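Given as structure tokens, the chain that follows is alone and in the form predicted on its own.
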Amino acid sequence: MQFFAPTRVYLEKDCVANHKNELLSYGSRAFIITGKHSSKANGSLDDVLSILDEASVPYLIYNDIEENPSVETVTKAAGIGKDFQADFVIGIGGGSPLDAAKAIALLMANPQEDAGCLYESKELTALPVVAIPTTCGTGSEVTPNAVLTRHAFKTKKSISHNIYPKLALVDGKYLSSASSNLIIHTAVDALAHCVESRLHTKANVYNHMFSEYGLSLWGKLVPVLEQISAGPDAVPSSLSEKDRTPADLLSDADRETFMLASTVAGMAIAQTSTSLPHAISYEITYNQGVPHGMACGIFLAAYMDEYARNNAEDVNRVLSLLGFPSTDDLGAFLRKILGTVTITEAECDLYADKVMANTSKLSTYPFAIDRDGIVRIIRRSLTITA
């Protein structure tokens, strides 16, 4: 067994201001990585800028991180950060800015390397990264992973280097302006982290502490997610996030629990990595544009069914922590809050072939699984047309 968790984490209201001295200790010129809008809307960017301005720390903001950031984007950003001569990186936002911040910090610290080093086994270090999550699913603030879109291969994949943030500042208040879709999709991503980490080749007693606690927290959030998805502002999940707003449906305690569940789930996958639902999800995210959390969540019940063929006891443990009698009940709940996805027979075959070629993800499944098993998971989870 092994356990490693080097990130210092604070989860509390106003934690950015409360721990400003520690944030400032990681460098003297800051490169801020974020998306175009959310960090401005939820106040997280202003919180960081006020601290940097107060301390007269020079900074540069790069706010062109797209959803599912690409190798090309992080390469461009790293070049800008090098020119600015930043010596630490602050990632603000959901999984996309946080993952991008890690990859950018690696490229900035190694100017002799090109983007190819991201997927090469080399002994490289990164600039210090401070992570400030503003969504409740990625857990990237406490994991070493950075998943990027690789357009050349038409998929997503984590880089080959482990880059843990030095500091994670987690504050539930940043969910106040989040849309219903964003909360639902990212919360389901956290659920996927807990399930996949618990039902994993590398799962052990240390990992169980995080995955099982995360599952129990998530079970308490089920009524809240039902309220968000069925509230007066609820609309089909296919609509854009700007058309869905949870308004006052979440209490401060709810927001803190969502963020805690996300961070704990991140701690779980930091010990194991994710498994097959994530591997399959990358294909429908890249090819169908399905949001990442939704793409992971729709495969969970079928994955658990497949797992139960070999170990029903562990699956039942997961269900009991979540408060669902069966995988059918869990699957029905996830379809209710997420909606459904349709692909063709040809796409089903293509995605199954690509997952079977992903030997690193296949190795995370504790039992032998063939192509028929992957196809069963896909078929049970999606609507297949001719």
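On a predicted model such as this, the values are computed, not experimentally measured, just so you know. For every residue, the number given is its place in the sequence shown, counted from 1.
Heads up, the form predicted in complex with a small molecule isn't pictured, but that's what we're talking about next.
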Which of 343-351, 323-331, 33-41, 50-58 sits within 4.5 Å of the small molecule in the model of the complex, heavy atom basis: 33-41
Contact flag, Asn68 vs the small molecule in the model of the complex, heavy atom cut 4.5 Å: yes
The small molecule contact at His161 in the model of the complex, heavy atom, 4.5 Å: no
Interface membership of Lys156, the small molecule in the model of the complex, 4.5 Å heavy atom rule: yes
In the model of the complex, Ser211 touching the small molecule (heavy atom, 4.5 Å): no
Heavy atom within 4.5 Å of the small molecule in the model of the complex - the one residue of Ser216, Asn287, Asn110, Ser177 that qualifies: Ser177
Contact residue in the model of the complex, chosen from Asn145, Ser229, Gln271, Thr263 - any heavy atom within 4.5 Å of the small molecule: Asn145
